[in-house]
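One chain comes next, on its own, written as C-alpha cells: the form predicted alone.
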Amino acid sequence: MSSVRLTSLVKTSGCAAKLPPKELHRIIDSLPVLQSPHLVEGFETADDALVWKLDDNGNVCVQTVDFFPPMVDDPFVFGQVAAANALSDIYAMGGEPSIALNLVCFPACIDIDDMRKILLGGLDKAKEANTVIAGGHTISDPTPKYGLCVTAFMNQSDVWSNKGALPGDAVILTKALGVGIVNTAAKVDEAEPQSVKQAVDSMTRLNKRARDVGRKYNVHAATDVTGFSLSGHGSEVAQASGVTLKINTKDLPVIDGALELARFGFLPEGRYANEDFLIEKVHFADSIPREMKDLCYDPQTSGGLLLFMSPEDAKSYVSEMNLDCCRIIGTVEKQGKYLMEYV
C-alpha cells in the first residue's frame, strides 16, 4: 500500500473525473470533422472506439484511449481498474484487444515504487486479456493518473456499434450499478467493507467474458457504461439508433449498500453533470425514488456492457453468463419524446 493515500491527491476519481458532458459536447461539436475513406467509425455517434479500414478484405483496426485519477488507494488495484476500463472499450466494439501503450501521470510526492505497482496492475489485466503492453508515455503531474491506449484488429463485419438497436430488442446490462456512489463514500471511510469489495471486484473484472459470450449471438448494438452513467451511455445508443429505451428500475443490478449511501448524499460530482446534460432527454416515472435516479446518473468506472439483442437471444445470453449482476433491464421501443424512460 502507498504511504500516501492515492485518493487524497484527487478531487474526482475514476470515470467520475470526466469533463461535464454538456461542456464536452459543446467543444467537440464545434470542431471540424476530418474525413477519410479509411475511417469507418469516428466520434460522430459517440461510439466507444474508432474503426479504421486496413484493406479491401474487410480487415479493420479498432483503437481507443482511456485514463483517469485513482479511485482506490492500492496502486496495484488502481492499475488493474484503469487497465480493465481502457480494455472495455474494445470489448464494447466486439473486439479482442491485441496491443496497448501505457499512459502515466505521476507526482513527486509519492514513492516511485508505487508507479511500478500501478504498471504491474495494468500488466496483470493486460495478461488476462491476452494483450501486449509495449511501451507508453510518462509525465510528472501533481495528480496521479493511469490508463492505456488499446488497439484491436478484426473484420469489419464483426464490429459492434452503438447504433443499430431495434424496437423489440431486449436491453442487457452485465455489471451492477453504484460504483461511483460507493467510491465517493469510501473516500471518507463511510462505505461498508462488503460494498467496497463488490465495487472493486466489479471494476477489476474484465468485460472479456461478456464479449466472448456475446459473440455467439446477434448483437444489434453495444456500448459500455462508464462515466456518463447508464442514462448517458444508454441515451447515446438511443439517439444513434433512432429509438427510445424503456428501463425497468426494479430489474437494475445494484451494488449492496449503494442506494442507502445515495440517500445519505454520498454522490460524485459527475452525477449532477450527467443529469444537467440529460434532463430533457431522460424521463423518470413519478414513483421512482430520488436515490434510484441518483443510481441511473451515477458515473461508473469500468462498468458493464450494455447489449441489445432479440428477447430470445437475450434470455439465452443471460442464462449462459449465469451472474446475478447480468440482467435484462428493459426493452427498445419506437422513438418517443425521450431517449430513455425509466419505470
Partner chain sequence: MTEVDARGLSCPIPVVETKKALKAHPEGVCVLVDSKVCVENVSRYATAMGYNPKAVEKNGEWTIEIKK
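Residue numbers count along the first chain shown, from 1. All of these numbers come straight from a predicted model, not from anything done at the bench.
Beyond what is shown, the protein has a form predicted together with the partner chain; the following relates to that form.
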| item | value |
| --- | --- |
| is_contact(Ala222, the partner chain) in the model of the complex, heavy atom dist at most 4.5 Å | no |
| The partner chain contact at Asp294 in the model of the complex, heavy atom, 4.5 Å | yes |
| Thr184, heavy atom within 4.5 angstroms of the partner chain in the model of the complex | yes |
| In the model of the complex, Arg271 touching the partner chain (heavy atom, 4.5 Å) | yes |
| Residue among Pro142, Gly265, Gly242, Gly168 with a heavy atom within 4.5 Å of the partner chain in the model of the complex | Gly265 |
| Listed residue (Arg26, His38, Arg290, Lys315) with a non-hydrogen atom within 4.5 angstroms of the partner chain in the model of the complex | Arg290 |
| Candidate stretches 256-264, 102-110, 88-96, 211-219 - the one whose heavy atoms come within 4.5 Å of the partner chain in the model of the complex | 256-264 |
